[in-house]
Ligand SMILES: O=C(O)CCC(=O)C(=O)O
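Given next, in structure tokens, is a single chain: the form predicted alone.
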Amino acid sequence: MDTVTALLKRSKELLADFNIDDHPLTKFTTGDDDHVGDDYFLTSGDKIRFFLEQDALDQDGKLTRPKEKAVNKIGHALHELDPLFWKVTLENQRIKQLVRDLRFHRDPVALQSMVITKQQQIGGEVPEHNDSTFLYTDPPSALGFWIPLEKCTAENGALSFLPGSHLTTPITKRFVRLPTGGTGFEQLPVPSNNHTPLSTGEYVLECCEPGDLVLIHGSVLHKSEKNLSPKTRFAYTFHMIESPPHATYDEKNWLQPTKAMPFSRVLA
């Protein structure tokens, strides 16, 4: 719990310290037709940046609340640039041993990390999705590590999962950089040996305590509802993928490593 308390404290320090005056007011949007994709987002893979809630701005583009309560998430290189998040993600021996025990990857790399704040009253709904659509490799290999920093309940937007969907729902599209700029989705062929996609069923709500660890298979369908409660729902999450030659991560993906900051090997 000391680590969770420290992560929550550090998250709030980052929110308090960031400068809204030179911020482009980029909102985090998730729709198929209006997913965030400006330069501030596309160049965030080696930086710590702040993405606003959709409801945090009025029609004139002015904040409707203090900046600390207007942010949807902080990303995407917390695990590389902040010493505390680095230690939890890449120097954590329990995480390393879990990765070895899972045998999900042979040589995984960490490619993004986020603090998702799920602000009170306006914390945005996240529709049904799977992570391999957004962190695509061939073959798919994304795995999410999701750590609640506050209690997650039905009222403040706890995650819900569709059981078994990682076994029956193929990755049918991928989130890419468009040649014309911005982002969009590219359709993928569905393997002929795949089962019929399972996109219906009863979702299971997973309430969590601070410090729990939720592992999210890259193909499992999950979502969260809007937070209309008076309590925030801070969570720290990072993702791993398989590295070459075991899987291919190409230049179409929205998030790209740089020479100065390649994706860090988890088991190094």
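Not measured: the values here are computed from a predicted model. The first residue of the sequence shown is number 1, and the count goes up from there.
Below, we refer to the form predicted in complex with this ligand, which is not included among the displayed structures.
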Using the pose of this ligand in the model of the complex, placed onto this unliganded form by C-alpha superposition round the site, state open if no ligand atom is within 2.4 Å of a backbone or C-beta atom and blocked if 3 or more are. open
Does this ligand come within 4.5 Å of a heavy atom in each of Ser11, His76 and Leu84 in the model of the complex? no
Residue within 4.5 Å of this ligand in the model of the complex by heavy atom, from Lys173, Arg177, His129, Lys96, is His129
From Ile116, Leu111, Ala142, Leu149: within 4.5 Å of this ligand in the model of the complex by heavy atoms is Ile116
Mark Arg49 yes when one of its heavy atoms lies within 4.5 Å of a heavy atom of this ligand in the model of the complex, and no otherwise. no
Proximity of Leu159 to this ligand in the model of the complex, heavy atoms at 4.5 Å: yes
Any chance Asn227 has a heavy atom within 4.5 Å of this ligand in the model of the complex? no
Could you tell me if Ser243 has a non-hydrogen atom within 4.5 Å of this ligand in the model of the complex? no
In the model of the complex, which of the stretches 232 to 240, 201 to 209, 50 to 58, 37 to 45 has residues with heavy atoms within 4.5 Å of this ligand? 232 to 240
